[in-house]
Structure formats: structure tokens, C-alpha cells
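Form predicted alone, single chain, as C-alpha cells, below.
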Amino acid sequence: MSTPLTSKRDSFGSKIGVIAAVSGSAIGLGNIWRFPYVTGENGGGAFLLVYLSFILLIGIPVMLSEFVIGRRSQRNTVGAFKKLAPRTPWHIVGFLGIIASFVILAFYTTVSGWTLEYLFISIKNGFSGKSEADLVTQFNTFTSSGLRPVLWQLLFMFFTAFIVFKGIKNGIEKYTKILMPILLLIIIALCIRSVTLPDAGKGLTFLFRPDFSKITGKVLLEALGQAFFSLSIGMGTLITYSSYINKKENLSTAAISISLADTLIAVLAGVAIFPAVFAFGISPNEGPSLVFITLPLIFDQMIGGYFFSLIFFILLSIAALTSTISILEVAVAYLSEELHISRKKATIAASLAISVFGIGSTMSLGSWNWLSINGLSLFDCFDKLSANILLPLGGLLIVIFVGWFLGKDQVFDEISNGGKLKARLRWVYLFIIKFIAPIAIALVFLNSIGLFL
């Protein structure tokens, strides 16, 4: 008689390992690159207040739902639905997660490669004496240059694959327990430097003093969308990671702790960036170029700017790495468990396949600009397909599954650890998952495809 699959599976070895790994999955470029510029474009403090409200009221319950699916099944994102809903089409939701992880890594490693390039430039003091026009030219020349960004991308993919190759306990858990404290220390150091700049108070006022007149329908939807994007909801990573969580862990506490850690890093990123932006008289709504063009300009004018540009791009690289390993794990877990491929072979196969599409994504911004669909580069297509369709659709189907199909007995049994925990707010949680979250995610989905606002 064969050994059950669950007994063969690796798992996290400690509670701190769970928090570090899953927080690392959520904390990525979405916190340090995307959150500041989205906040800047949507009014600062008003956006932050709405964002925090959505994290608390919707983000945490949806994250807990993915945890319930993952730990209840102790399977990969496809196997989870096959086990919990056998002989039904629900496993298609798991395949959406596999597709999402594949598509996201194809363009995410492109941007991750940029962080290594800019770390290299920082080491050489390559921002010194450059004007804003020079930095724009530098960025555009690099991203369209072909071979160089591809080499950085492949190097980043190698680092990602190396950690996943090592397994859960000896790979992902081991390295995220090292990387996450480093990330926190670096961002705190950047915050201290930023708030001591002249006129830094203006940046803090912009970030923390809400102007309620700026809260519009667009701001509400942008904040809700950022909450889902930041928490890695709907891409299969939370289901996959939670399948490795010990049955003794309190899932509710884990969801709250991870959401708070993710939110803390996002807010600290705002504290590190906005005081510096205002101190040097730059508009806070610079958009996606804020990190790769605006901040290098600020670092060059800042006392100690060489050191702080160096640690900032180390921070950005670490944040990207903790996310890419979680996304790759989604595909690896599927290949090893559903197709019965060894973990090492699954890691190599998934990494090579993703790298092929990743190269196309990177090159589509340069000499392979013929790789386009409806006028969008392959890079932009992957970005929009994941953010606008796959993630909100995956998140919507997950909450419908937990709220309406799985059944309250199974849900309550899992979040209470078989009745050992009281789970006092379980009825509030179930109400949110059945009624509030589906409507909220549907609005984000309709807005992202241009059918709402």
C-alpha cells in the first residue's frame, strides 16, 4: 500500500517560518514600488485610510479563505479543489492559479532584473551628476537594450529557482527567515533618513492627513485593487503556502499577522519615499517611474545618497525575491504532486519554461517589439492579463467556493482547529465571504477591464 501524499510533503517547521514565508510572498514590488505611486496618484492620506479599511474588512477574510482551502486539503492549488470538491469543475480555479503564477513570473522577473541593474548602477555611483532627462534616457536605453536586461532577468530567475529547489523547510523557510528581517531593517533605516530631511513633514502630512474630499469612486476601487494585489490574493500562492502550514497553527492569527506585516511594509515604504519626494520639490504623483527615475534623482541630491541608493535597491531586490519564490512554488507544487515529477526536476522544468516566456516579455520592450497584441507589448499583455483578469477572477471564485460551496462546517472546523479554538468572529467572517467580498471583488474586476468606471 502506498504512503499517503500528505505524509511525503515537506512543511514549514515553525510559526515564525510561516509568518516569514507567507509575509515574504505578500511583501514584494507591490508594496515598495506600486503602493507609493498609487498612493501618490490618489491623494495620499485619503487613499491610505481607505486602503487600510479594505485590508481589515475584506483582505484578511479573503486571505483566511485561501488558507482554509490550502490547509484543509494539504495539496497544491489544483489538487486542493480536486480533494475538497471531487468530480466537479472547481479544480479549474486551481488551474487559473497555475496560469496566473506562470504569467506573473514571466513579466515580474523582468522588473526584478531591473532591480539588480539599478543595484549595480548604485554600486558604481552611476546616478551621480545625472539630470532627470539623463535618468529617463538611462532607464529607456537599458530596458530596450535587449541582452543586458535578459541576463539580469535570468540571474534573478536562477536565485529564485535555487531557493525553491531546496524545498520548503530548507529552502523557502530558511531563506525568508533571513531575508525578511534584513528587509525590515533596511526600510526602517531609509525611513529614519527620509524623515530627517528638510521639509520632510510635508511628505508625512500628505501620507497621513486624509483629505476626505479626495475620496471618489475611483479611489475606492484603486484602494481595493491595491489591497488584493498587495496581499497576493487569487494567484495560488496563499493556497500553496498554507498547504504546508501545521494543523496546530491558528489560521486566523496567521492571516492577521501576515496582513499587518504586509501593510506595515507598505506604509513604511510611503514614509521612506514621500518625505524625500517633498523635500526635493518633486510631485508625489510621478507614477511607475517614481522608483527607477525619481528616487535616483533624489538620492543624487541627498547627503549620504550613495549609501541610501545602495540599500534601497538591495531592499527592492529582496522584496522581489521573496515574492518570486512563492510564485514559482505554485507551479512546482503542481508539477511534483499532480504529474508525479520529483521536486528538483519540477523546479528546473518550471523555471526553464517560465524563462522562455520571460525572455519574450523582456525583449518585447526592445528589439522584439513585434511581440505585441493589440498594440501592447508582450510585457504589458502579461501584466494586464494577470492584474486585470486572472487575479480578480481567481479571488472571486475562491470566496464563492468557500462561502457557498465548501460549507460552514468544514470552514469552521478548519479555522477552529477541529473545535480547539473558539473562533468568535466566525459568523462575521462567513458573512463577509458570502456577501461583501464577492461584490467588492466583482467591482474591482469590472473596473479593471473598463466596464465600471
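Just so we're clear, the structure is a prediction, and the values are computed from it rather than from any experiment. Start at 1 with the first residue shown and count on from there. Take the two forms, superpose them, and find the largest set of C-alpha atoms that agree within 1.5 Å; that set is the rigid core.
Not pictured, yet referred to below: the form predicted together with a small molecule.
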| property | result |
| --- | --- |
| Heavy atom of each of 65, 67 and 252 within 4.5 Å of the small molecule in the predicted bound form | no |
| 4.5 angstroms heavy atom contact with the small molecule in the predicted bound form for residue 403 | no |
| Residue 104 within 4.5 Å of the small molecule in the predicted bound form, heavy atoms | yes |
| is_contact(residue 379, the small molecule) in the predicted bound form, heavy atom dist at most 4.5 Å | no |
| Contact flag, residue 394 vs the small molecule in the predicted bound form, heavy atom cut 4.5 Å | no |
| Which of 22-30, 410-418, 54-62, 395-403 sits within 4.5 Å of the small molecule in the predicted bound form, heavy atom basis | 22-30 |
| Heavy atom within 4.5 Å of the small molecule in the predicted bound form - residue from 76, 153, 237, 176 | 237 |
| Proximity to the small molecule in the predicted bound form, single hit among 295, 332, 327, 80 (heavy atom within 4.5 Å) | 327 |
| Post core alignment: residue 266 C-alpha displaced by 2 Å or more between the shown form and the other one | yes |
| Cα displacement of residue 36 between the shown form and the other one reaching 2 Å, rigid core superposed | yes |
| Core-superposed C-alpha of residue 104 shifting 2 Å or more between the shown form and the other one | no |
| Cα distance between residue 366 and residue 36, which in the predicted bound form differs by 3 Å or more from this form, closer or farther | closer |
